[in-house]
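Take a look at this single chain in structure tokens; it is the form predicted on its own.
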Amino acid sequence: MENARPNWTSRFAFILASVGSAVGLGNIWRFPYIMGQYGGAVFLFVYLAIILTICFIPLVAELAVGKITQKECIGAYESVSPKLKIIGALNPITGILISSFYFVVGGWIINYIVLGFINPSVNDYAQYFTNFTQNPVSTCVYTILFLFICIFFTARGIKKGIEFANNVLMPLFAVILVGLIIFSLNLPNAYQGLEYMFKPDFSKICPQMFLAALGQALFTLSIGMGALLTYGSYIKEDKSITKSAYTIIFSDTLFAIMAGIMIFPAIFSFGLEPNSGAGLVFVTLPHIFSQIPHGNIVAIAFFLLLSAAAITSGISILEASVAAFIERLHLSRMKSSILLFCIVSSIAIPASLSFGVLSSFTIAGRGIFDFLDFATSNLLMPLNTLFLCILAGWFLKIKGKMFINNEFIAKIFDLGLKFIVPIILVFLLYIGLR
């Protein structure tokens, strides 16, 4: 049993882990296709406005709640009132539901890495992707394999598991991403992709775009699932939360934009549609890779990049629940990891089958996979963030001057935490539920 609360070995280790949590499939897989669905540059404009203003406040608040209480999600809320522990429990529950569809995508990535080595000459990737996702054995096996990889590092703890994984995978991620950007920008007509990304058409703005942008921002920053609260509880007293929050947002936004610069020039270079949805990474891009010399090498590099991002984020999602099991159920880290493995598997397997044998099974008109994505990104994460702001602003009474030297900005932070962000979240939740 683990009684002592672990700590990060250094501020750099915490920053790297937090950036690893933020930079994941949300940047490379989800951000480009959401951006494609909502008109490109105009979505980027709305997204940047939200992530740089609205999301900064709950990001600081979530890290601060973890650091101040030195407890996992449930304990942090319970420290204010025993009645609030149910609300705190929504965080690890959200994390479990997110991981249950997130790891399905992680399984797809592993499959494509294997495909790049054994069969790089696939002709019709749309048909291949359909056949693969409808294959109950392959999808389940790869989903469980990806879950096992993430739970392996989580089970090893902070220093030997989480820090080690981020120290290796994040630099690898950055190197491969830069290489692929250079490759993409040298394709014919690459400028059209850049124009699509950076020349907004404001006539395409709609209320749903704001909800989608908020959901994407919360998803990619890991706000509202307990990951950053848990990571914050491992911070020693000498760490600056505000500087860390700035670094996380800057790094996450930079990687999202870099991902777009990598993907959209390639799409436009080959005359394909940018709004091809969730299959953008698994259908459109492999089709592009297949048409260039040594494309299988580029494809393998891309999916290795994607796997590195997915693993670091997957670890952080699992850690919130593992920490809750350790402290609430008084289990060892290993037993907590095994328990979580079983729980996530029981949901992830049906989610992986929702494109095949369970495709006819729907929840609120959506397949299992799509329902988990919508319910967590557009409902639970904004709801958890709303509760977080209320807890931090009204119960723990966190003040901006605790973190921000500028008195004016500190007052804006207080106003945003107590009033502005909660009101915006309620409004966007109302739009999402209509």
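As the structure is a prediction and not an experimental result, all values here were calculated from the model. Heads up: residue numbers just count along the shown sequence, starting at 1.
Although it is not shown, the form predicted in complex with a small molecule is what the next lines describe.
Check your understanding: Is Asn27 a contact residue for the small molecule in the model of the complex, using a 4.5 Å heavy atom cut-off?
Key -> Asn27: yes, in contact with the small molecule in the model of the complex.
Practice item. Flag Ser316 as yes or no: does it have a non-hydrogen atom within 4.5 angstroms of any non-hydrogen atom of the small molecule in the model of the complex? Key: Flag for Ser316 set to yes.
Exercise for review: Would you check, heavy atoms only and a 4.5 Å threshold, whether Met381 touches the small molecule in the model of the complex?
Suggested key: Judged by the heavy-atom cut-off of 4.5 Å, Met381 is in contact with the small molecule in the model of the complex.
Review point. Closest heavy atom of Phe302 to the small molecule in the model of the complex, within 4.5 Å or not?
Key: Heavy-atom contact with the small molecule at 4.5 Å: absent for Phe302.
**Study point:** Residue (of Ala76, Met225, Ala348, Ala323) lying close to the small molecule in the model of the complex, criterion heavy atoms within 4.5 Å
**Key:** If I apply the 4.5 Å criterion carefully, the residue I get is Met225.
**Study point:** Sole residue of Met197, Leu285, Ala308, Ile98 within 4.5 Å of the small molecule in the model of the complex, by heavy atom
**Key:** Checked against the cut-off, the match is Ile98.
**Study point:** Which of 151-159, 216-224, 84-92, 184-192 lines the interface with the small molecule in the model of the complex (heavy atom within 4.5 Å)
**Key:** The contacting stretch is 216-224.
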